[in-house]
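What follows are structure tokens for two forms of the same protein chain, given separately as structure 1 and structure 2.
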Structure 1
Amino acid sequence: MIDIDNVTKQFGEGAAAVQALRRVSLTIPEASFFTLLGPSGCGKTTLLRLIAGFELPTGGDIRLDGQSIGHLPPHHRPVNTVFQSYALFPHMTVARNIGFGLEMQGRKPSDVAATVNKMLTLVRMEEYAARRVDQLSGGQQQRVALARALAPHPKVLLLDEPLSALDLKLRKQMQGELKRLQAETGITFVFVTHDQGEALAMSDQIAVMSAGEVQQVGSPEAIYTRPRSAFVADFIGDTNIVPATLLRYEGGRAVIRFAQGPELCANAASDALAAGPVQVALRPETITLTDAADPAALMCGTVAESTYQGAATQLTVRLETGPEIRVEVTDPPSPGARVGIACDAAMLQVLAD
């Protein structure tokens, strides 16, 4: 649906210039829920605004359904945006808010009424049609904003951190609602967030961004279990970055060894890394604690801290080689206990950088 080809965006000139996007290329599939994920200032909202037409690219091209749209103003693009603040008309009813854009397009009153009713049903707000939006809760206002944006049936719906103003319970509820709306309408959703949990729960594909560049694109499972870089591994969920030595490659996998323990075959983000020191991503929930004398232990250390988190307890284990790692277990040993660290090699990921 959307091809972003070598796009750059610079704000300002000379010494004051800020490079917001650096040669970004992406393909966003049709009828998908695609998320731009990254920390504040990484360029994700700038990229969304370029797709919407609120900003123009400094270089590169943006194509929607095969047509270049980089030069088109926002109202000539088959794209709608749901803003973080919702931008509803407080003096209008829910129904008028949803139908206003259709009226401005010159649609017949009967068509507008039919579409409004359809959208009210879609977002489950039928009983609030005559209520003013300033009389609604935050979650209800968001549903109205979604209905208004979906009413013209755009090819693409852009969502700029629309859940950030909601409390945690409502955010979880609305995640499911957004996913349902995307599936029922078949419209391509492009969602911007800095919340890793939101991205993993809702997306068909995720583009992780940092410093104006795309670090990795993939499914939530691929991004979580097969991060390419230390940045992606550290940003997506909780992870340990542990030094190891790359010995060689066998059958497309990396043969590594930690400071202690046996050789093992791990997944590798690249098959072009030179033998020598590498970084390995190890998720806390994939670790098993063993006896420190167990020959299968990859590393040994001492439990330094224990934090109860309900379903599991997170331990901080100080390795004998120096660094600390985090481990999630349900039957934790006491602080001060000496333990071995074991893990299925299939859960290890050698990082490319």
Structure 2
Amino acid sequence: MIDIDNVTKQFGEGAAAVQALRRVSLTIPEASFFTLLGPSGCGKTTLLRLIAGFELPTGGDIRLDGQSIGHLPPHHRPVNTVFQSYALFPHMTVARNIGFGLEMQGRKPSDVAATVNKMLTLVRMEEYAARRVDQLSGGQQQRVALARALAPHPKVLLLDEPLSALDLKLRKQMQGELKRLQAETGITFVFVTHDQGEALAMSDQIAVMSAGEVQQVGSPEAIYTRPRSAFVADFIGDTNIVPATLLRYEGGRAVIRFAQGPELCANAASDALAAGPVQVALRPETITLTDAADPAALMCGTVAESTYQGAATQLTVRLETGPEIRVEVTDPPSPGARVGIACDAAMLQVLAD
């Protein structure tokens, strides 16, 4: 288990100072697949480098299984990294690359050889043991980098956008492979990506970051269906953010009303919002279209645009109150038609900010 406790990281001094991380606190559970997700520059790599020991925190502490490791140099931490650029040693064979960590730990040559063979099997690279790494394809280098980092059996494996250099097909295949390796080895994986699809598909838990802060931590489902803020809702998947009025709380749920239609009991990201205008997240695929005069319709508008996408059709509906929202349906009405928007109240999420 990794405890990131109030960690702050500042680069530079004075006017040129950059606050890369601001009071980040996270608990990464043992043997889980944990993903750091966020837009470019939000501090994902910085947090990973702090865990690896390439950088020291400006404030706060990092603990591994209760022991403080924030101040240790990288070679004294039971943590290994898969680098985005792979950083394989070009003067060594595949086997020696994989065995490097074990050799540096001073293991017996026979141990090293045995573990290297096991790792080669694990990443399905048995035939390539004697190859030079510059004679491998991108996907193969990726596997070697993985095997090299896994060989010393670290407590934590850090992966900084390891799939970003691969093409789509290989990427999908490696996603499955990574999941399998994590389950087989039982090592905690901390995975960095800015691809929300990848994060949803692979993670046990996701931490969404923005501008050096953690916005929300939770399971992929929780993050997707119960985003806390407009930022998270917008960053994960396609979403509509629609204004509504908060009337009161009832049994932990928020009672809201849209421009028209009945009062609804929606999920709320916070139970301490003041009654009045709020923002509600509404996923395009949870919306159903009805007649504009239907009493169940929460709002109504006209179809402005229709884009055929194969399995579904995406519509843009201009609401009578002004904003546009996106809707995904299988039997689209023609553009210009007046429609009512309906939605299961359980799919609505009142955002905290």
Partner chain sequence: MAAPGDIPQAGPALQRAQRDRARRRKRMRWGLLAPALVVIGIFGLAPLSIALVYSFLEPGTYGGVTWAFSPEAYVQFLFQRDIFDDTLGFNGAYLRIFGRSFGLALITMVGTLVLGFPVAYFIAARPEQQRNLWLFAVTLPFWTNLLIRTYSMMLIVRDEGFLNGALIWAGVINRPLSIIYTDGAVLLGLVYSYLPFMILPIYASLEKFDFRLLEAAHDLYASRVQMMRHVALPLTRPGIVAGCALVLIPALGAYITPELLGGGKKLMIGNMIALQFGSGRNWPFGSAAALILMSIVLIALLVSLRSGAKPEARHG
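Note that this is a predicted model, so its numbers are computed, not measured. Here, a residue number simply tells you its place in the sequence of structure 1, counted from 1. Only the largest set of C-alpha atoms that superpose within 1.5 Å between the two forms is called the rigid core.
The same chain appears twice here, once per structure, so which copy is the form predicted in complex with the partner chain?
It is structure 2; that copy is the form predicted in complex with the partner chain.
So, does residue 130 move by 2 Å or more at the CA between structures 1 and 2, with the core held fixed?
True for residue 130: a C-alpha shift of 2 Å or more.
Just checking, between structures 1 and 2 and with the core aligned, does residue 105 shift 2 Å or more at the CA?
Shift of 2 Å or more: yes.
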